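A single chain comes next, written as structure tokens; it is the form predicted alone.
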């Protein structure tokens, strides 16, 4: 049998190689950073316990605790395919934990970024998540059970200019606190907008504008609404309304 000339074999190999291409997009390693501000003033654990923030009502306040739950963290591409990258994340600013979600691997492209503040009723079941149980994140059964959405605490100067403690806690709104309570989903869907993933843009910055919890659309008076809010159905609904404008993408921060 005659063997084909070597130059012909090389030509065939070259032809096949030139016509074999990988059209799949490159993947980028992405991270999400949660940052916090009050009236465009950065808030972090170093600023805790300082009476240096003024809300829209004119009340001076501080922060001693701020932790909250984000769930259903997803990217949806331009073909409508949604990728869930994490079920939930407990962010604790005072302890500097949960501020980053790292090692997200996504094909380069344009996505819609969505999350949820708190849990939906389907996932908000008591004692299901061991890490949240260990963090004392449970809501008493008399108040509907499940888990907190947020715990924000600190001090404020009351009408007599004296320091007073506040506890701004958000949960599922509950009617008839007690054994016969009924629970209502007050979690907030966060559609944060469009983000382009590339090798040059791999850090996504999500900001909590804390001042919004106290002003939009409900002007919050800490002199009257400073505690016992978990069993206050009306207060929980007001918090849900104010939370609609709290989270946003921060495009001013670089990679």
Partner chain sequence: MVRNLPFILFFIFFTLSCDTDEGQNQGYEPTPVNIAVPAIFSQLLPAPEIPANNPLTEEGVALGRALFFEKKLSADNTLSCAGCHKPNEGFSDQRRYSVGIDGIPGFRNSMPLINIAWNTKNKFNWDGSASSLQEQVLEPVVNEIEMHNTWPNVVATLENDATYLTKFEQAFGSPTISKELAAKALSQFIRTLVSGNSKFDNYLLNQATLTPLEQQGLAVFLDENRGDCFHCHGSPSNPLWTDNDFHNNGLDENFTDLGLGDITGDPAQFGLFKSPSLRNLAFTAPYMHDGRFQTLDQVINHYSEGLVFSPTIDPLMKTVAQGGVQLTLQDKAALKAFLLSLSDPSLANNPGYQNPN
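Positions refer to the first chain, counted from 1. Owing to the predicted nature of the structure, the values given are computational and were not obtained by experimental measurement.
The discussion below concerns the form predicted together with the partner chain, not included here.
- From the list 135 to 143, 180 to 188, 76 to 84, 114 to 122, the contact stretch for the partner chain in the predicted complex under a 4.5 Å heavy atom rule is 135 to 143.
- Residue contact with the partner chain in the predicted complex: residue 49 places a heavy atom within 4.5 Å of it.
- In the predicted complex, the partner chain sits beyond 4.5 Å of every heavy atom of residue 98.
- Although the partner is absent here, residue 166 lies within 4.5 Å of the partner chain in the predicted complex, judged by heavy atoms.
- When the partner chain is considered in the predicted complex, residue 103 lies well away from it, no heavy atom lying within 4.5 Å.
- Of the residues 210, 222, 32, 229, just one reaches the partner chain in the predicted complex with a heavy atom at 4.5 Å or closer; this is 229.
- Checked against the partner chain in the predicted complex, the candidates 218, 205, 54, 64 yield a single residue with a heavy atom inside 4.5 Å, and that residue is 64.
- In this stretch, 172 to 196, not one residue has a heavy atom within 4.5 Å of the partner chain in the predicted complex; the partner itself is omitted from this view.
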